[in-house]
Structure formats: C-alpha cells, structure tokens
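Two separate entries follow, structure 1 and structure 2, each one form of the same protein chain as structure tokens.
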Structure 1
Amino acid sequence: MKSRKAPLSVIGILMALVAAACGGTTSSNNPSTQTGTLTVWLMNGSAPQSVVDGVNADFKAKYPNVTVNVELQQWGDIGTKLDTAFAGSTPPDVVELGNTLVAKYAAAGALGDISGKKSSFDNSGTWLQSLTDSCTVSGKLYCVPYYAGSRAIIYRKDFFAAANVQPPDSMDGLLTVGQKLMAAHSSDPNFSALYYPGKYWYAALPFVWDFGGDIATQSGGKWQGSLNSPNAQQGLTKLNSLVAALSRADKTGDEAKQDAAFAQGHIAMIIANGWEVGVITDPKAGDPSLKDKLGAFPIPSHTAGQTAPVFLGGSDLGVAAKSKHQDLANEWVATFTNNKHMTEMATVGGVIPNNTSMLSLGTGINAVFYSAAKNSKFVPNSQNWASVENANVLPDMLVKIFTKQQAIPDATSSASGRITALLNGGG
C-alpha cells in the first residue's frame, strides 16, 4: 500500500506544480514571454479580412510568441460542428456564436464564465442590452457581444418612382404600395413587389410582435408557446395576406438566395439585413449597377406612423471552458472588440457595433438599419431555444400557412405545442 501511494502523491504534487506554473505564465505581466497557439472560429462573412488582419497584427505586437489561427466556419452545419468541437478535449479557444445559440452552450458548460472580467472589455457599460442578455445565463456572463444585425425593407427606388409610390408608413400602406407595383409590372410573370420566401421566420417575427404577440412567455420557470394567441394570429394573418398578394417567391424556400434573386431585377422589396446591400451590389454575385437605385425603410407597424419591432440578430464571442489559454483567449476577444476594431467593424464591415455609443456611425442606407435596432426584440432566452430553431418549428409553421396546407389557428396551435415542449426540455 505504502509503495503504491507514494508515487501517486508525487504525481499529484507534480500536477499541482504544473498547474501553478501554467497559471503563473498566463497571469504574468510580461506578455512577450507567453507562448502558445490560439484557435479562433469566426463565421464566414462576419468580419472583413482587413479587420481580422489588423486585430491579429495588434495582438502579435503585444504577444510576439503566440500564434493565432483564425478559421472561418459556415453557418449551415455549425450546430453539429460546435457540439462535436465542445465535446472534444481541444475545442477552439475563441468561438463566434449566433446570439440565439449562446444559452444552449453556456448552460451545457461549454463556455467559460467571464463575469469577473467584464470591465476589461471596451464599452462594456454601453453594450447593446439585447446582446448582453443573450450572453447572460443564470446571472453570469459567458460571452462578449460582437455585432448586431436588424432587418428593414430594402427597395428599388426606380421601381417606386416609376409606379409613383412612396415608402409606406403602415402595414396597410405596404399592401397598397405593393399592389400598385404589381399592377405596374403585370406583364412580368416573375415579378414580386415584396419577395418573401416561405421559411423566412426572422422576417415573420415583426408581424407577430407588432400586434402584441410573442413566440413564448415564461411564468414560474415554465415556458408556454404563444404563437396561437389571438394577437400573434392577427400578425400572421396580415403577413399571409401580404405574401399572397405580393410575393412570387418559393413558399417552401428559405431566404439564402433572396439577394441573388433581388439582383436579377424582378423584385421591388425584400426584408433584409443591412449587409445584404453589399451582397446585392456585389460584382460577382449581384449587380453593382443597382448601387444608386437601392433605398431602405423600416418595417412599418399596423399603427400608421410607427415601426414594427424587429428581431435583433447578431453574434457573440465566447471562450471555451476547456481552452488551455483562457486568459490569452479573453485578451484576443478584448482586442477584437476594442474601440478601434469595433469602429472598423461598423465602418468597413457595415454591421451594427456592439454598443450604443457607436450607433452614430451608421450613415446613408445603414442609418435605417441602425435605427431599426433601437426598436428590437429577441427570441425566448432559453438554453433550449436552439432546439426550437434546429427542429424547424417556425419555418414549418410558416410553410403550412403560406401553402394553405393548414389554417392559421391549426398551424399556430401545433407550433405552439411543439415550442412549449421543446423550451421546457422535452422533445
């Protein structure tokens, strides 16, 4: 017994020493002696390469012996990829997470708790509330807000002028304007006044919220799906009538191709993010000649003169709980989101910055999207929300409604039942 115990305790002491040594280097005040490799996962298209290069150059200047590998990930299969990466022993040190996904990973213990470090990040006092909320689980902070995106309606100014219509200020006005555009283009069988692919659930939420409905409500720790409430149904009824009258988009398709479709010239309006202007006018994927013909206006409310609340999308940056370089990883995130680089994200990247102090950076067409962010809402902040997304509950419901497979009361009540079950942790 004795002989077996001795080496074990020696190993224990050695491990403690190694741990102490590791802790020592990372918290030391001499960054130039730190070594290691940081792996960063960013989503494809989230930050311009020039911004990432600038961040890495600044980081290298401070930590010359640390290598940073930025790997770009695709949105399509990111959920599966993240699950697998976090389950492994060497996950990426820094990950960009869509703001609706954070709660799931934070609650499962995948992300490090950075509550104590909040003040070390620039602008943490004025972070966008909705993004901060998405990073907060059970009162603890698990990520740093990265950028936001909100939707408005992008329209063709030349089509509006030719049909002699102005951007509407109410949902009924949107229908009237759309019908005039449809009439003006009646000879084009491919024309859509408002192009709305059936599975586009982000764009359906403003209609639900504007009439006072919501996806789900929480009381006493239990979630209750509420898309079948009379208010939510009213909003979806309004959306359904707009889609039926104004859209020739695929009722079972998603919004992935809407910018390419818009660039082909048979569409007057789409509900889109600010950065999609860049995709529409891209020389390869789109049509650069549309640059001066594009305008934007907020999604109007059913109450004339007001705007509908929009979904505040965006991304956050988290550090993996299993990362062996927690401090370096947080340092990199702090560099990425500091004043200098966040300003570049807004001016070069065209996204909404992570804090309210920089909202004045939005100019021209971008200003519309920036101001839309001020009247924004979020999906239920639950660790199980990602399951609702991955089970396609909302897209399926919309497709059933638009294709008339189900009436709105039936489609919404079955979706609500599914949402209730999923948010409360069932299947």
Structure 2
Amino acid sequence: MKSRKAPLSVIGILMALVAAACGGTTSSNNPSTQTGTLTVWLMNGSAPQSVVDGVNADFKAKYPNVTVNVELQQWGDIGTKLDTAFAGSTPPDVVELGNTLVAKYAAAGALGDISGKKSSFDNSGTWLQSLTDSCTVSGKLYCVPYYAGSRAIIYRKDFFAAANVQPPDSMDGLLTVGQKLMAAHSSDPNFSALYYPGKYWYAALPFVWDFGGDIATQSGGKWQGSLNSPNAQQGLTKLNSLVAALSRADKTGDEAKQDAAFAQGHIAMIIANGWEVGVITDPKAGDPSLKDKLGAFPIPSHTAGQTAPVFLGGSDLGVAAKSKHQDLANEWVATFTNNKHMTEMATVGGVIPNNTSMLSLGTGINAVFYSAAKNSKFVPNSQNWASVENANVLPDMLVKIFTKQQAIPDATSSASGRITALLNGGG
C-alpha cells in the first residue's frame, strides 16, 4: 500500500509534541505572539517611577502579551532575599544588583552569561569601565551596567569667598585651603574645614589609589591584601594628615549623618555623592537656603592639576540563570538601558548614566560628579568581597589610624592579612 504524505500541519504538531516530550519549548520570533510574565526586582529609589513606567510602556508596545511585574526591594535586606530567591526554582527574572554583589552571584551560577549578547545593548562599547568590571567575572559578562554614583567634594562657596580661597588643584592645596578655613572659623569649636567621619572607607580609597596603592592584588588565582604596600601607606598618610588638621567629625563614626551635619552650618567641605546635595538642601531634613551656596570640585590628586580616582558605586541589571524567560528578560533590560531611558535616568533621575557617551548630560553642580566618573576604580572583583565588607575590615583599619590606636604600618598590615584570608575564602 502506498503511503500518503502527512499534511504539513500534522508534521508541525508532531514535531512540537516530540520537542515537548524531550523537554524543549516552542517559541516565536514574532514579538506580538510571545507570552509570559516577567518579575523584575528594582531597588527602592533607584529610578523615578515615571522612567519605569515609560520602560514598561515601550516594552508592552513590542510585547503586548507579556506582563511585567516590577517589585521594589530595600537595601537593608536585599542580600538575604537574593540568597533565598536564587536558591529556589523561580527567582525573579531580572534583578538589580549593587555592583559589589555581582561577583558573588555570578560565581555561584545564579546569573545568566550574556557575553554573546553584549553588542545588543545600547552604548555597550562605552560602558563605564568600573561598572563593566563589576559585571565581568572570569572573563564572562553576567550583567548590564545600570547607573553609577561617584564622589567629589561639596563645599560652601560663601565660606570660601569669606576666607579668600579657591577650590584647590592638589592634595597639598587642599590642606592649605583647609587650614585657612580653620583659621577663619577659629571661634567656632565645632567647625570642620573638611568633615571626615572615621569609618568612611569609600572616601579613603581615592587617596590609596592616587598614590598607586590598592586594596588587594590577584596572582595565580589567589588574592593578596596590599594596603600595607608603600604606595597605599603613602596615600593613607596623606589622608591622616588632612583628617587630623581639618576634621572635627567623630573619628569612630560613619558618613550616614554627614549631610545633616553639613546643613547645620559648621562645615566647609565634605566628600560626598552628587545626590547628597538634595539631602543637604531638603526642606525637612536639611537647609534649603544653602542651595545657591553649594559648589563642588573633584577630589584632587597629589599631582597638581590632576584628579584622584574615585570609587564608582552604582547598580547593574542581571538576568537569573533559572529564569524561564531569559530572552524576554534581556529584552527588558535592553529597553531600560537604551539611549532613551538612560537619558531619562540622567536628566530626570539625576544619576550618572551607564556610559561615557552620556556624561555630558550632567549640568550645573552635577557636571562635576559626572566628570569624576571618568576616572574611577573598583574594589577587588571577588565573589568573597562581601565578606570583607561584612567584616568591616576597612572601617576598622581607618578608625585605628585616626584614633592613633595603631600606626599606619601596623594597621594596614593587619587589614591586609585579614583581606587576604577573606578574599581567598577563609575566615
């Protein structure tokens, strides 16, 4: 008996059934026919709601049958929530990660490798280097830079004018200007020319890096703490001299309350993020009358005319390795980080965009912070870096130096030993 050819529709059904039996899934290249629900975790306050709404509207226009649920998370417990979510079978599809957290989850296999998709994201060729470094683990890309935050020195223009000084262009000049400000306010026992809380390790790193030092180095797969190197010690010595001469801040405190302190009128300079201007001038928490009295300048290098490298904080966007909608999740991330919405993040959100091509969007006082992002560095990109932060190694070292509990060689040697053990997975 002569066999008949099955209709193409029947063959298609059979192929689909075979694919399903083998664990495969069918998909369509037509965005309008794709379905599913994406769960996105963003940190509270990281993006204006109007920007998020615009991203979702653009995504919905392309994928009308895909639902996106954006859930806001809090920094205080995000580590615990991420640990739990990634250990389960249905983690959120897209997660915002503080840039120092990426290595931990990438090394654990929780994030999808998007190395082959890099060119599909806008401005990937000009992503900020420090954010790119934070997304890169063992040569593979596990996330997309989202936004950045850099530090500069916020100062009182009226105090500078009264003391007849200008923003300095070197660390030695910073000390000289500070000493003149201290003299001009000698009648105020609470005055600080440069207010520097003792545990403020983010602000200490520019001094270490500017002299050629670093937190740690890696060789042969092993980490070695290096804060006890001559260069790192030189930078910390310079910082110690500035703190001793110019700061009346609590040498055992942190920077959490420095904006409120600045607003009280007894401080000429602080090392701060750009968004802290808004806190200082907030009608409820600060002093709005200071708005026109504030200026900013980069943290100067010890080499006159240059600026010190700054720690580039910020966030990245990763896709869970267990996501059942990885392609759609990456499409959503691409939409959020495209030219249109990155511009909105800069102009509406007031944050530094994820690429050097848009740093010119910074205007006014923000321009200083945007420019500072060009010269930035990052902490050791180790899956165990979080252990160093949790152990307070850097804050404890600084407190010991500033309070004279230990000399700089002893404090840095102890900290370097601890960093070596923690980065290599020890206790």
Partner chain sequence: MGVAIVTPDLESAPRRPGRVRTNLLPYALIGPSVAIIAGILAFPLGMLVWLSLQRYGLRELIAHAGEWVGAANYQRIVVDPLFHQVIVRSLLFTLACVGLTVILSTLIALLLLKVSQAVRVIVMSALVFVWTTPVIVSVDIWQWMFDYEFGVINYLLTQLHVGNFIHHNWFDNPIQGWSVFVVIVVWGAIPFVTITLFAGLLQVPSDVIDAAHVDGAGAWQRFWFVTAPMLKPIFLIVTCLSTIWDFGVFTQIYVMLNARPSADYYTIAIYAYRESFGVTQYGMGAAIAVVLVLVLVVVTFFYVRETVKVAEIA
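Only a predicted model underlies this, so the values are computations on that prediction, with no experimental measurement involved. Note that the rigid core is defined as the largest set of C-alphas that superpose within 1.5 Å between two forms. Residue positions are counted from 1 along structure 1's sequence.
Of the two forms shown, the one predicted on its own is structure 2, not structure 1. Comparing the rigid parts between the two structures, the hinge falls at Gly362 out of the candidates Gly178, Pro91, Gly362, Val333.
Put simply, the small part of the chain turns as a rigid block by 15° against the big part between the two structures, using C-alpha fits. Structural comparison between the two structures after rigid-core fitting shows the C-alpha of Ser120 displaced 5.5 Å.
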